[in-house]
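Only one chain comes next, encoded as structure tokens, the form predicted on its own.
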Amino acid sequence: MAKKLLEIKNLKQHFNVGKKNEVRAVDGISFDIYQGETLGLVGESGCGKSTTGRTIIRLYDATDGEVIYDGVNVHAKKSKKELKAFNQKMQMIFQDPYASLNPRMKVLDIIAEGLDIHGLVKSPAERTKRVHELLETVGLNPEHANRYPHEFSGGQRQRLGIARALAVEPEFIIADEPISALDVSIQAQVVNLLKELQEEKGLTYLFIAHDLSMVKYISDRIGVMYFGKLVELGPAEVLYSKPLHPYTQSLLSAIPLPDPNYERNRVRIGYDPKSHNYRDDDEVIMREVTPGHFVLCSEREFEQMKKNSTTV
């Protein structure tokens, strides 16, 4: 079995809005990510998936809970040296390829920034050579190093973001909706590039997105978030073929297919959180319905799901 690289325990990220209001962007979620796999994290806009990624990498300090990376608590008090070492192991590809690159810096300096900070090159010549190699790795030309971000298309800019993340040779990459701002044809190119890089370099991904079709294509397992909660988690094929939580069923029913006959008869499944009808004594927790397939549910729902899962 693969090594457990990342362990999230009861992670919470709450924000104060005004004097009395509190937004529970992430509200007590737990999951693991194993070395070499891709875990997809999906859900509608505002569900907390991007906040989860930013909290894991410590762009936000967690309100509560633990982020254990390779046996070390990320959010425990750390020295600058320890944080620097952690930042080299874990990198992030941001959603907006336009805003994530400094428009005043040349590509050479944007990609080499991590190399400089971590002291990974010994001379200007080695620095330039390494940047040229990274550009070729992501399908761009060495000549692009002397250009500015505004001279590139959206897909090319996202490739630059990937090259920047790869520069420090990380083990784990959080891809925060890396294709949402791109055209469909370019989305496929970027996702294929990520898969190729994973195979070549043994990378581990947390792939955050709301495009369920693309998430299925790239992910080994998928977690579904709803209003700060993780409501379902399981192998990609199982979750798509046998979704158990009503919210997951609703999401999947909204996926369009290039089939006019299917689309003409497709039935959308609505989701009403009030339909659960929990009692005061119901304990709503993540429960393993089938091996590796977890659902946020009460004991009564759990028994019904187990019964349904065995029905042919």
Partner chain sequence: MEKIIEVKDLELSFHTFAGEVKAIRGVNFEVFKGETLAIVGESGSGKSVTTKAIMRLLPESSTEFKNGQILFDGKDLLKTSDKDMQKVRGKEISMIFQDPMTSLNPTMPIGKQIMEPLLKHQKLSKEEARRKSIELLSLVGMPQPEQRMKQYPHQFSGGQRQRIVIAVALACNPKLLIADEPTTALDVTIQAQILELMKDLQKKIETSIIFITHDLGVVANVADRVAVMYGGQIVEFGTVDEIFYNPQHPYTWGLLSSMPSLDTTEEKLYAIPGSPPDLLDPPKGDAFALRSEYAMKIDMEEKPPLFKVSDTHYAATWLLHPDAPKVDPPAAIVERMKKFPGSRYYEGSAGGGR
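Positions refer to the first chain, counted from 1. Everything numeric here is computed off the predicted structure, so don't read it as measured data.
There is also a form predicted in complex with its partner chain; it is not shown, and the following applies to it.
Partner proximity in the predicted complex, defined as non-hydrogen atoms within 4.5 angstroms of its partner chain, places exactly one of 66 to 74, 43 to 51, 24 to 32, 283 to 291 at the interface: 43 to 51. Contact check for residue 57: every heavy atom lies farther than 4.5 Å from its partner chain in the predicted complex. Although the partner is absent here, residue 123 lies well away from its partner chain in the predicted complex, with no heavy atom inside 4.5 Å. Heavy atoms of residue 279 never reach within 4.5 Å of its partner chain in the predicted complex, leaving it off the interface.
Of the heavy atoms in residue 185, some are within 4.5 Å of its partner chain in the predicted complex. Checked against its partner chain in the predicted complex, the residues 151, 199, 133, 143 give one hit for a heavy atom within 4.5 Å, which is 199. Only one of 86, 240, 172, 94 comes within 4.5 Å of its partner chain in the predicted complex through a heavy atom, and that residue is 240. Contacts of stretch 195 to 234 with its partner chain in the predicted complex, defined by any heavy atom lying within 4.5 Å, are made by 195, 196, 199, 212, 213, 214, 216, 217, listed in sequence order.
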